[in-house]
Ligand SMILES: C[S@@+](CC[C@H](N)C(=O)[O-])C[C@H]1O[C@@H](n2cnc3c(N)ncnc32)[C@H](O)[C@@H]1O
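Encoded as structure tokens, the following chain is the form predicted on its own, with no partner shown.
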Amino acid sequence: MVDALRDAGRVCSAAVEEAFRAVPRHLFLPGLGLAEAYADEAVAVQFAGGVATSSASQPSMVAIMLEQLDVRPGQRVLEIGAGTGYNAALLARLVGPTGAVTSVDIDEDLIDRAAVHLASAGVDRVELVAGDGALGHAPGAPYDRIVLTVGSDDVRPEWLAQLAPGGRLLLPLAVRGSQLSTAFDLGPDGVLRSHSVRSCAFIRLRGAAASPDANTCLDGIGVALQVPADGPQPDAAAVAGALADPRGHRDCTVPLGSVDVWDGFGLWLALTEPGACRLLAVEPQTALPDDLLPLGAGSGTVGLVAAPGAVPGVAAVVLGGDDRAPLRVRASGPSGDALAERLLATLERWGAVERPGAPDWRFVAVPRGIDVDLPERAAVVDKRHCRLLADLPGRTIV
């Protein structure tokens, strides 16, 4: 497993490689065979109502985040989301005997199981705490590093208050439909500036920091609509009506693979275009009159939707099962043609600045109540506890 992670460029540093080689992953996944325990796949370990509420993250994602976190010997680390305890064991190896690792989880059963796993692996330098990770763990503060292994919609003030000056906060942050593993460094002005950004997909926080479901089901067609919470909220019935009224297709003029649709072009679209949306199939077969979402439940795409009160319309990228096939844009509803033209123009702008993906973006998180002079950015995402500013260094965002 470690050889594969190193060869793929996920494990880069000697310290992270040594930690991975020293900590036996299978002891944190009892009941799985060795092949499954060391496969590069996430493993759900707890469910509620048929929905996964905790998982052992994919090893490659664990490696990516540990490299982003850049843990040093002797540091104090707070982990939010204990899971199986595997990540805490890796952190304990990285901080060494002079450091400290505290791992918090809202679920006491997970804490109890993590304690058993850590003991079986001979790891005795992790403090496990049952509590709401939204509040951090003040008794152990300040921390040099705070890492979330669960998705968050915001940057909580409690985490900033417990982060040491110059410390690093790493969290899977929701950014208008994308989830981005973002490593923020805390500046002397109290502002967080990103050091690195990677795409990711994590189970979301529960408790005080739980975010409401961002999806609106469109009645009768088996499709959900997702739009940014800080933007205009279109009428669901108007969107459903437009989707049921296809007006033709246009070929994409810029090469676009299915991965690009989400955190390449999809992220660009969400940050630069009002009306950006995501359409998700929530039934095995939708009631759409064509192949907009041909891959069944769980498939999705991105597009533009008409503003509330405007003439109804949707323009969306049509996904297929073959990345080698050129993708198309499907216009729907009375204003669909105009939206399709706008969507294609946005796609061309993305191509003109060399098709940036998640790692190309830089974010600045300005906590509420802090007033600092910052250069103008092309995109602003307003959250409850902070204002998130996004830009692409060295590139012009139109």
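Numbering starts at 1 and follows the sequence shown. Since the model is a prediction, treat every value here as computed from it, not as a measurement.
What comes next is about the form predicted together with the ligand, which is not displayed.
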Among 203-211, 227-235, 94-102, 177-185, mark the stretch whose residues have heavy atoms within 4.5 Å of the ligand in the predicted bound form.
203-211
Does I80 reach the ligand in the predicted bound form if we count a contact as any heavy atom within 4.5 Å?
yes
Any chance S332 has a heavy atom within 4.5 Å of the ligand in the predicted bound form?
no
Quick check on V150: any heavy atom within 4.5 Å of the ligand in the predicted bound form?
yes
Considering only heavy atoms, tell me if L110 and the ligand come within 4.5 Å of each other in the predicted bound form.
yes
Candidate from V364, A37, A56, L66 lying within 4.5 Å of the ligand in the predicted bound form - any heavy atom
A56
Exactly one of S194, Q75, Q162, N87 has a non-hydrogen atom within 4.5 Å of the ligand in the predicted bound form; which residue is it?
N87
Suppose contact means any heavy atom within 4.5 Å; which members of 334-351 contact the ligand in the predicted bound form?
none
